[in-house]
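Here we start with a single chain on its own, the form predicted alone, put down as structure tokens.
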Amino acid sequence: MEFGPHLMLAALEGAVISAILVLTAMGLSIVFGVMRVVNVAHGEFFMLGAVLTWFVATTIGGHPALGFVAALLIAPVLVGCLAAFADRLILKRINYDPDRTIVATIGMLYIIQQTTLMTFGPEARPVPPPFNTRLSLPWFEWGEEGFALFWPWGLSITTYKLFVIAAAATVLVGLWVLLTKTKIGLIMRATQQDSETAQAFGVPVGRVYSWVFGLGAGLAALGAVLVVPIQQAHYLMGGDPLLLAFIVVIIGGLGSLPGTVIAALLIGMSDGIISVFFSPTLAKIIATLLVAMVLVFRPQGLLGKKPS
């Protein structure tokens, strides 16, 4: 395959990675932006969403689309409710102290991971995609007579991967509407800016924190539901999403949702393209170097605000 179509396929793979990463990182960014909590267990909520997807799809059986749609509705809600319960049970009792919340979420990480290992087992479990038709894709090349359209054999992508990209974009639009156009979003923004003043005006800050923590975990679980038909569910799959989500949030700016989207696109596309042409290890090294450069030259991130 020539360089042009090869690059196009790599870019499409990068777009799929970006779609999953933006959902995972957005959940982490919302939690930090509103609660000022660094959730080290975020990757395990991602893993839990993947495991629940396998369990729901296997339990329902029948056509793969039935189990997938059920998991798409059930897994994020269950993971979000579990996270909200953990917030009320653990984080609220330590008054969201920054140092103690890191230790507490590390404990949550191991509890979720080891509980999943004991109940789910160490095996990786596949989940069939609801649809998986391959689509041939055109590509363009500049020649002596201008742009030429090609439709070569072998240049294709599955319809499910295109669905993942479209689904992530739809969720982002819905999240933007929720945060900017609804009363719930207004309450979240007020709590983020000054929680004490918001509480003085009757905002139930404790319940807002639990809801936000659950929303962040639910977004991670939603990303896992979408990625399981491409990968496989296993109890150690939370490590990479957590690392990449932290990289995205640091580069984009802590608590900056637009910055998170831009950084997720940057990291996801570079990860996909570099992994195809070189190696996944090199992609991770470059992402880590980007974090180091951002911390040195722009500590607040691309769109983050300088501390006053």
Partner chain sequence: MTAHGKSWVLHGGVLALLFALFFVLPTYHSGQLSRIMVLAIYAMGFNILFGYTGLLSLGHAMFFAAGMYGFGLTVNLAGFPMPVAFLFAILVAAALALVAGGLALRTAGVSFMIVTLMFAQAAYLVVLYFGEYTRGDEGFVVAREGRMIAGIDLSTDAGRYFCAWVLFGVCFLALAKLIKLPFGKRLIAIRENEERARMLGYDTSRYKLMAFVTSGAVSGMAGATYGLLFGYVGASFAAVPYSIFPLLWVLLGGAGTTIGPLIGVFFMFYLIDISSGYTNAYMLIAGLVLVLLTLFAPQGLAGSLRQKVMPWLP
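Worth saying up front: this structure is predicted, and the values here are computed from it rather than measured. Residue numbers count along the first chain shown, from 1. Only the largest set of C-alpha atoms that superpose within 1.5 Å between the two forms is called the rigid core.
This next part talks about the form predicted together with the partner chain, which is not shown.
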property: Residues Ile60, Ala167 and Ile187 all lining the partner chain in the predicted complex, heavy atom within 4.5 Å; result: no
property: Listed range touching the partner chain, judged in the predicted complex by heavy atoms within 4.5 Å, from 192-200, 70-78, 99-107, 124-132; result: 99-107
property: 4.5 Å heavy atom contact, Ala65 to the partner chain in the predicted complex; result: no
property: Contact label in the predicted complex: Met269 to the partner chain, heavy atom within 4.5 Å; result: no
property: Touches the partner chain in the predicted complex: Ile273 (any heavy atom, 4.5 Å); result: no
property: The partner chain contact in the predicted complex: Phe246, any heavy atom under 4.5 Å; result: yes
property: Those residues of 105-129 which, in the predicted complex, come within 4.5 Å of the partner chain by heavy atom; result: Ile106, Gly107, Met108, Tyr110, Ile111, Gln114, Thr115, Leu117, Met118
property: Post core alignment: Val16 C-alpha displaced by 2 Å or more between this form and the one not shown; result: no
